[in-house]
Ligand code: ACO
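Below, in structure tokens: the form predicted alone, a single chain.
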Amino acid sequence: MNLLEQIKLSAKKHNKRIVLPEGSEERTLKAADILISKKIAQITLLGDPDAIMSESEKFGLTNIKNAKIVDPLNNPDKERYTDMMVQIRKNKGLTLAEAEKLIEDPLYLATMMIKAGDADGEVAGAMNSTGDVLRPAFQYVKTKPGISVVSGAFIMILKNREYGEEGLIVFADCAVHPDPTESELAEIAVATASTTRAIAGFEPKIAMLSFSTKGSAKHPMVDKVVNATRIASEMAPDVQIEGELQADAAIVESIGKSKAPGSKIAGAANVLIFPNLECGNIAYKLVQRLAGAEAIGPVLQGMAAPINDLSRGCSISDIVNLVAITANQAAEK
């Protein structure tokens, strides 16, 4: 059984409530039909019920009748959600009239359903930009306690099973935060440990990457990684974290033993934390293209509840996979 099959099987066991704000979009509807038929998650679609059912009939989607459909313009919970919005954002000057307008936006409605405990997670982005998807999430769901930064992890599935966890390595941050401080870098490492356990299903062995291994180079950029390693270890003493390590020392056993003798992580790392977004984004794309690795993600991490963003060029299977991942994140939470 491959990783994606394991993720879907795990999601079925958890039976989480995932809301899809782009309810009448063709790929989203077709994905929802698959998700319902395979019982991967309980699906809530946001949009005009008549339009959703009409599109479903047009595409022959027989399972959509088993989805929960919520109309943003005629929602019986509108008053409850708008009151919550005003309470949360009153210090920012949000008025009731403004909240009543915002809650008609499916992206805001989805976020408030999660905040109110009426949904466990959200997947969107087939029709909306990343900024539009994440703005309501930052404003209302916010980040986990002790975490101030949202980041993006990729699960890299390598053809060579010699590396990582039998060919699985988690990379972060490859998608969100351009230049984290040492404290933010530590938070990214801790958040990635949670993602690794929830999605990849193995115990993280985290290498904090640098161009130096254990003091082989001196530079403020190295100091940042050293300090981030210390902070992360203090934040999560139950997680195996080590740094600073060069990439080869982190993943190649012989080099790890040579450059960092006595280390439990060097040469055996299955999670790589990059010092900034530039390094992480370049690295995952090079590994994907040159090594023929499959890259699952980005999985957004650090939010108080799982809200994941799709590419607007996503496929139906991309949506199905990301809903399953989101359901697992919700279960871990």
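Keep in mind the model is a prediction, meaning the values are calculated, not measured. All residue numbers are counted from 1 along the displayed sequence.
Beyond the structure shown, there is the form predicted together with ligand ACO, which is absent from this document and is the topic of what follows.
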Contact with ligand ACO in the predicted complex, heavy atom within 4.5 Å, among Ala260, Ile251, Val150, Ile231 goes to Val150
Heavy atom within 4.5 Å of ligand ACO in the predicted complex, from candidates Lys68, Lys38, Lys264, Lys285, belongs to Lys285
Hey, in the predicted complex, does Phe202 get a heavy atom within 4.5 angstroms of ligand ACO? no
* Is Phe138 close enough to touch ligand ACO in the predicted complex, meaning at least one heavy atom pair within 4.5 Å? -> yes
Contact with ligand ACO in the predicted complex for Ser216, defined as at least one heavy atom pair within 4.5 Å: yes or no? no
Does any heavy atom of Leu134 come within 4.5 Å of a heavy atom of ligand ACO in the predicted complex?
yes
Assert contact_stretch over 189-197, 203-211, 87-95, 108-116 against ligand ACO in the predicted complex, heavy atom within 4.5 Å, equals 87-95
In sequence order, the residues of 271-302 that place a heavy atom within 4.5 Å of ligand ACO in the predicted complex are Leu277, Asn281, Tyr284, Lys285, Pro298
